[in-house]
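To begin, one chain is listed below as structure tokens, in the form predicted on its own.
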Amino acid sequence: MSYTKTAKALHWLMAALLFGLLGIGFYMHDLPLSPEKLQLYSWHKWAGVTAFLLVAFRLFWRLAHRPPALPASMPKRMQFAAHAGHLLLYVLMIAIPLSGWLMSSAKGFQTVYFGVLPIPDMLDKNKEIGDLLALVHKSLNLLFVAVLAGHIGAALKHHFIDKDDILTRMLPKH
């Protein structure tokens, strides 16, 4: 059994968006203050808001459209690990943009979605809290990279070693 076309589209759209967010985030972090850095931060924040909205939609879709069951031949501990890994990915896809929003608020930089829709700050400006939230945001992203590597590694293991359909049922053409 395969995922729905919508689930597949959301999965790959989110994958592209999140890899882009990670790349821009790590790149822009150490740039000297400049108009380019400020523009990258704006794009990063816009993409983060978009990712947050997409993950909310994806969660609603997943609740209404159950994913295919894991193979019965898969050991129970591996099924548990797969479910735990997916849960952690969803938690991080929610927590990371929220930590970024809180960080921006505490640092005194309001998020203005696509330069036109101001998103209210969740915290008052506070340097210490802003610095702490910057560490939280970075740490959550590093955890996300590790969990993502596990997710990709597991999909490749299933495809090349186990030779089951775990990877192919999420591919666009299946």
Partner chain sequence: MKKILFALALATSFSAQAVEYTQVQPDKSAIHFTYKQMGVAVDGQFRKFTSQLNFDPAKPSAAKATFEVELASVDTGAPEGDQEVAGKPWFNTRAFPIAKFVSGTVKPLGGNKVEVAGQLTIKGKTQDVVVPATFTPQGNSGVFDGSFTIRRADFSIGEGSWAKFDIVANDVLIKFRITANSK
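Positions refer to the first chain, counted from 1. Remember, it's a predicted structure, so these values are computed and weren't measured experimentally.
Keep in mind the form predicted together with its partner chain is missing from the figure; the text below concerns it.
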property: Candidate site Thr4, Ala69 and Gln79: all three near its partner chain in the predicted complex by heavy atom within 4.5 Å; result: no
property: Its partner chain in the predicted complex: contacting segment from 139-147, 47-55, 103-111, 60-68, heavy atom within 4.5 Å; result: 103-111
property: 4.5 Å heavy atom contact, Leu38 to its partner chain in the predicted complex; result: yes
property: Leu135, heavy atom within 4.5 angstroms of its partner chain in the predicted complex; result: no
property: Any non-hydrogen atom of Asn126 within 4.5 angstroms of its partner chain in the predicted complex; result: no
property: Any non-hydrogen atom of Gly115 within 4.5 angstroms of its partner chain in the predicted complex; result: yes
